[in-house]
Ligand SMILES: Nc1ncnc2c1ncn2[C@@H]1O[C@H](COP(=O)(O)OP(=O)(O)OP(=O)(O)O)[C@@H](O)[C@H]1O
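A lone chain, given as structure tokens: the form predicted alone.
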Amino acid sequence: MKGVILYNPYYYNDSVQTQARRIAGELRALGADVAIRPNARTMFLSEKFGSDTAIEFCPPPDGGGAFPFGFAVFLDKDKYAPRMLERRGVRVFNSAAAIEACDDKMLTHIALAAHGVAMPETLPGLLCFDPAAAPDEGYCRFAADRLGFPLVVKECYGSMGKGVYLARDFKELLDIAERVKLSPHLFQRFVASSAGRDIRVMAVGGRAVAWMLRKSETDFRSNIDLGGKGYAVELEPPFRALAERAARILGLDYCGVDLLIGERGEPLLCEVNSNAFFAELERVTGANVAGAYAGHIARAMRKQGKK
């Protein structure tokens, strides 16, 4: 069983390196031959159009023209590379479709809403193509009247709490709308009962394997990178069921599901992250998330009869 862990060459910080090394170590413990490489010079479109051979692999750094891996663990959000890998028969964890659905928060909401998944009420933002144009005050007023203040504004692409804003009044809403108008974004009802806290559930193969409460004392966002802290807690059955259902609907091999806590203590799905970091979760709970992911990959490859 030979595979590669691909990471974004522009974003290979300590968290990504730890993630890659932990997964690689657990895979090697299961007998896999695993390399860690940047998602760069991996494949390209040739002039041989008309079949899948139009996608050729660049020679890897150690020489040879063929892509020498049966599977790829894709620690990136590039939606093009995994599609080309899949077209050439490489098993990608997560799939290109699953990564794309999670990377765009509005696409995630649309996909899950179709299955009746409980989420805060959400409205799509208006995408502007003119930097000189002012935000549409009429639509902002509609969003405010519908969702109330404070309300959350999210850029559809972003992670670790970046691009997530809280508008406390109409002036703030217009200011934020001006800031995000050139990027896909959404408006969402603020869940006051979950301010500064949520439940992060790691799911592997559609099954919850670890979880924690994330809590911030200084921010409405609970992200660890923004100062939030993780705490070991029991996972109540409704929270487990919602996290696992979301992971299965989106077809994810691995993900972090963020669940808000509603006014009656019920779970509300906030976001699904296809490449969620697990270092803090492993530290807080002692769970072996990397091992669970590696085991899932090994079983999937054996089921496909691939090495």
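All residue numbers refer to positions in the sequence shown, first residue = 1. As the structure is a prediction and not an experimental result, all values here were calculated from the model.
One more form of this protein exists, namely the form predicted together with the ligand; it is left out here, but the text below deals with it.
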Exercise for the section: Look up in the predicted bound form whether D253 has a non-hydrogen atom within 4.5 angstroms of the ligand, and give yes or no. Expected result: no
Problem - Contact label in the predicted bound form: C128 to the ligand, heavy atom within 4.5 Å - result: no
Exercise for the section: Spell out, yes or no, whether the shortest heavy atom distance between K154 and the ligand in the predicted bound form is within 4.5 Å. Expected result: yes
Handout entry: R207: touches the ligand in the predicted bound form, heavy atom cutoff 4.5 angstroms
Key = no
Practice task
Only one of L242, L281, C270, V34 comes within 4.5 Å of the ligand in the predicted bound form by heavy atoms, so just point that one out.
Solution key: C270
Problem - Proximity to the ligand in the predicted bound form, single hit among P184, P135, G230, P120 (heavy atom within 4.5 Å) - result: P120
Handout entry: Segment that reaches the ligand in the predicted bound form - one of 171-179, 185-193, 79-87, 230-238, heavy atoms within 4.5 Å
Key = 185-193
Handout entry: Residues of stretch 206-220 in contact with the ligand in the predicted bound form (4.5 Å, non-hydrogen atom)
Key = R214, F220
